[in-house]
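Just the one chain here, the form predicted alone, laid out as structure tokens.
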Amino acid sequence: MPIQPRPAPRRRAGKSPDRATPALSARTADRHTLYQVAVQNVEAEIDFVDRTYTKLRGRRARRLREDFCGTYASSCEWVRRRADNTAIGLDLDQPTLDWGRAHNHAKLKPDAAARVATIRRNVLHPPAIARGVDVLLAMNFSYWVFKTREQIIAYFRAARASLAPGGLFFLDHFGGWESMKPQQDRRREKGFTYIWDQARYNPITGDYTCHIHFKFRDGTTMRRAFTYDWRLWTLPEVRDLLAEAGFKRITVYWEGDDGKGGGNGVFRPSLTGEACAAFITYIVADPR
């Protein structure tokens, strides 16, 4: 099945690089560039992964695998951090991998570039070179592409089998009562507006169709720059499925409140979450 570039309804809090965006229009803009500006914050994501692994294991992780990696920005950020870090990304969409090579991989210093690789491969069947990793990432809800219990448990089992001794599986999750509501969420960025469109949700099957659109100051709109055909798995379901797949400890890291109705970018382990309209959490699954 095709795996699309990775989405997210809202970018997580955290320090972002200064990305100056020139005058844009739907005719000239690059959808992957817009996505990385509006959606991703790989610096904050890798900060969390690195810090959490070190705290739980008492040592630093070295080998990382990024599933559904798309433009593999997280992998590139990982190899920037330390000279002995390596990364491998798996995805089925070759044009997106090629874009990542030209725009993310090419910006790395030669030593770092040599320590990151990608493979066009289904994450259900990772090659031997992509196993034995310290950290495995399945971010931006990409694992929702698996719509049945059999499929998602097969993926979670494949992920567990890919971990080295002491390895950890990192996922994220989007929920809250607004997640099931057809609606559009808009946010201004420099030079354009990002639109997260929850187009359709079927409460019987969990089928979930979402789009990303980009609107520009000249009045043009890049409609359906990305489209996602998912099942919306609830957080209790994901925890249960991970346990069924053999993970012994599944920890939810809940984001703190900034006092203004938003998240503060600080995620801490918790068994109690606020029944809010929308939330993003991290999940850390430990096989031992």
Ligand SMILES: C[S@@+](CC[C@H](N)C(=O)[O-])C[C@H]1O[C@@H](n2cnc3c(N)ncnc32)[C@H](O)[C@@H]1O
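Counting begins at 1, following the sequence as shown. Because the structure is a prediction, the values reported are computed rather than measured.
There is also a form predicted together with this ligand; it is not shown, and the following applies to it.
Enquirer: Report yes if any heavy atom of A158 sits within 4.5 Å of a heavy atom of this ligand in the predicted bound form; otherwise report no.
Expert: Output for A158 is no: heavy atoms all beyond 4.5 Å of this ligand.
Enquirer: Might N122 be said to contact this ligand in the predicted bound form, defining contact as any heavy atom within 4.5 Å?
Expert: Yes, N122 sits close enough to this ligand in the predicted bound form that at least one of its heavy atoms falls within 4.5 Å.
Enquirer: Would you please decide whether Y208 lies within 4.5 angstroms of this ligand in the predicted bound form, comparing each non-hydrogen atom pair?
Expert: No.
Enquirer: Give a yes or no for E77: in the predicted bound form, does one of its heavy atoms lie within 4.5 Å of a heavy atom belonging to this ligand?
Expert: The answer is no: E77 has no heavy atom within 4.5 Å of this ligand.
Enquirer: Name the stretch, out of 215-223, 248-256, 61-69, 232-240, where some heavy atom lies within 4.5 Å of this ligand in the predicted bound form.
Expert: Partner-contacting stretch among the options: 61-69.
Enquirer: Just one of V133, M139, A112, I195 has a heavy atom within 4.5 Å of this ligand in the predicted bound form. Which one?
Expert: By the 4.5 Å heavy-atom cutoff, the listed residue in contact is M139.
Enquirer: Taking 4.5 Å between heavy atoms as the contact cutoff, choose which of L108, A199, I153, L92 touches this ligand in the predicted bound form.
Expert: By the 4.5 Å heavy-atom cutoff, the listed residue in contact is L92.
Enquirer: Using a 4.5 Å cut-off on heavy atoms, which residues of 39-58 contact this ligand in the predicted bound form?
Expert: Contacting residue: only Q40.
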